[in-house]
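Two forms of a single protein chain come next, each set out by itself as structure tokens; they are called structure 1 and structure 2.
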Structure 1
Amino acid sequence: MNVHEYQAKELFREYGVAVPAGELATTPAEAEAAAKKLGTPVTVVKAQVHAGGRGKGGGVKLAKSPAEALQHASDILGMTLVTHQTGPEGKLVRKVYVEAGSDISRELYLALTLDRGTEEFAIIASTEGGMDIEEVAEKTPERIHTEFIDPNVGLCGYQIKKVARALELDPPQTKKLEKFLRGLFRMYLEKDASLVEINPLVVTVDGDLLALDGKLNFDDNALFRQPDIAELRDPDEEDERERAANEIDLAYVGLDGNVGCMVNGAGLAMATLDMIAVCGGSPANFLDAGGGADKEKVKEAFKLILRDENVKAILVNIFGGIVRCDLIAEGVVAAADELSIGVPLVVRLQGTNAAEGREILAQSGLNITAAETLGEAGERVVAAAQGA
């Protein structure tokens, strides 16, 4: 789960991580009042959407007066902000964050995440703040320092010093970084975060460290024990289909292809997406119906897939373990009949009662193409999508 920048900075404050003063505004008048309240010579009006690259898209503007803050808020609120992370469709801006300007000496990059390869936490730091970290990694990887933290030991003082050296900080700034990093690390653990990213982390003219931006991602599977974090969810920023899937306990991620997928089990779902790509197609979604998929879930899954107008064919790939294939087949037939599915449908059933399931499909009288192997299923659904 993602949160807005202003929400991330509220959490930073709770953990002693220094951020500039700021106020949220949903109208131009509120933005003007916020600028007056902050009282700084320069304020920054920032679009609040779940995407990076806001400045390049025109979603971050400097204001030298409250009246200018009002004008910038008028321009930004209601705009469709397009960045490299939103896709061409962009995101509607519903709120802005009005923040006190800072006297910036240097811009740095700092992030904290989990490295699954080493099974350790990782602090990622770079002197190249304000840039896309992916671009830095590609062109100048030597400017990125990664410090691994053993979960059984925690963040150690010598590691903070190594990060400080990588960021070229002087001794007083290193002391400030220690408080900064320890607060971030404690928040990361206590709030079940999966990513903390600050780009840029700035060194001010006075030598202070400030989180000028903040991106936080949280583990969805841990939200049951983080009710305060769950309350920060903004449904307006989420894919409508993903939100609907979450409400009925389906794992769904929208993609940009034209082959709809319904699979049970995340591993099988990933293999299915790979096979579609190998066969020359492009998946329209990731959908894991789970091990306990029943008739109702199958029908709801079809509804989700069919919301995407780009879908030209659907592949149902089920391994019958916890759930029997004949029950899935009954669900597929009932849903296909009830929903009048108008795109080609390819179904692969393997596992418990697979033969019975295939027989149900064959006798349904519906236009359903059966497949036995994953390769065969991929080839048939891609051919069907291209034919459509």
Structure 2
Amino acid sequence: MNVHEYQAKELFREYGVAVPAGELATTPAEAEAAAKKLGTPVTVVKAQVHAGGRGKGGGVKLAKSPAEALQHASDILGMTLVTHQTGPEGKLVRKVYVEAGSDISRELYLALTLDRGTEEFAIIASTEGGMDIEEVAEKTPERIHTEFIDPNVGLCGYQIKKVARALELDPPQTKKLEKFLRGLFRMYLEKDASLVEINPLVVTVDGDLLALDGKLNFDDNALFRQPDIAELRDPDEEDERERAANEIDLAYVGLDGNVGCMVNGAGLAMATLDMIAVCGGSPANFLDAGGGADKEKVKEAFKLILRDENVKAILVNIFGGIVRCDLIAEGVVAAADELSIGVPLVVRLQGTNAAEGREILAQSGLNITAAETLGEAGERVVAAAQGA
């Protein structure tokens, strides 16, 4: 789960991780008031959307007076911000963060995450802040320092010193880094974060260390024990269909083709997209109905798929392990009865109670094309989509 920059910075503050003073605003007048209250010669008005590259897209502006902050806020609020991470459709800006300007001496990069390779936490630090870190990794990998932290030992003093050395910090700054890193690491563990990225981390002219930006992701699997974090979810930032799917415990990702699919299991769902592509078709969505798929869920899944007007045919591909094919078949019949599915339907049932499931479909009198193998299912649904 993602949160906004202003929410990340609130958490940083709570853990003693230094950030510039700032205020959230949802109207230009609030932005002006915030700039006045901050009282610094320069303030920065920053669009709050879940995407990087906001500066380049015109979503971050410097203001030299509260009046200018008001002007920038009225430009930014309500704009559709397009960055390399939003996709061409962009994102509507509903909030801005007004932040005290900083006198920057150096821009650094700092991140904390769980590294899959070593299965340890990793602090990633670089002197090349304010740039795309993937680009730094490609062109000047020697400027990236990675410090691995044993999950059962935690962050050690010597590791902080190594990071400070990699960031070319002097002794007083190293002291500040220690407080910064310890706070960040404690937050990561206590709040079940999955990624913290601070780009840039700045050294000010006065020698202070400040997180100028903050990207914070949380482990979805841990939200059950992080009610405060779950509260930070911003439904406006999520794809509407993905959110609706989430609420009924389905995993859905919208794609741009015309073959809708409903599958059980993430791996088989991905393979079904691949199958459709191999057969010359183009999938409209990824949908994993999960291990608990039953009649009700199947109906909801159909509703979700049919909301996409591009869908010209639907493939139901179920390999029952936990899932019982007869329950799926009942769901398909119920959905067809209630929803008037106006596109061809191809159904493939295998595994637990598959014979019973096929019987239910055959008895239903519905116009359903059955398929035995994955290959057949792919060919038939693509043919149906192209014929329609």
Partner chain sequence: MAILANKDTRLLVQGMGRMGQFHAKLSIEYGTQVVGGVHPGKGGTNIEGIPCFETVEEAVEKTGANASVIFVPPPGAADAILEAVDAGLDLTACITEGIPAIDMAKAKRAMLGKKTRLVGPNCPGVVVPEQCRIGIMPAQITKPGPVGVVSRSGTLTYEAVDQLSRLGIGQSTCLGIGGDPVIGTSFVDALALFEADGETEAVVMIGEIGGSAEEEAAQFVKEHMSKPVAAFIAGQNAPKGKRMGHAGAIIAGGKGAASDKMAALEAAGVAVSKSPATIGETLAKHAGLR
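Here, residue number means position along structure 1's sequence, counting from 1. In this text, the rigid core denotes the largest set of C-alpha atoms whose superposition between the two forms falls within 1.5 Å. Keep in mind that what you see is a predicted model, and the values were worked out from it rather than measured.
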Between structures 1 and 2, the form predicted in complex with the partner chain is number 2
The hinge between the rigid parts moving between the two structures lies, among A100, D249, K95, T174, at D249
The angle, in °, through which the smaller rigid part turns with respect to the larger between the two structures is 14
Core-superposed CA shift of C261 between the two structures, in Å, is 3.9
Shift in angstrom of the G281 C-alpha between the two structures, rigid core held fixed, comes out at 6.2
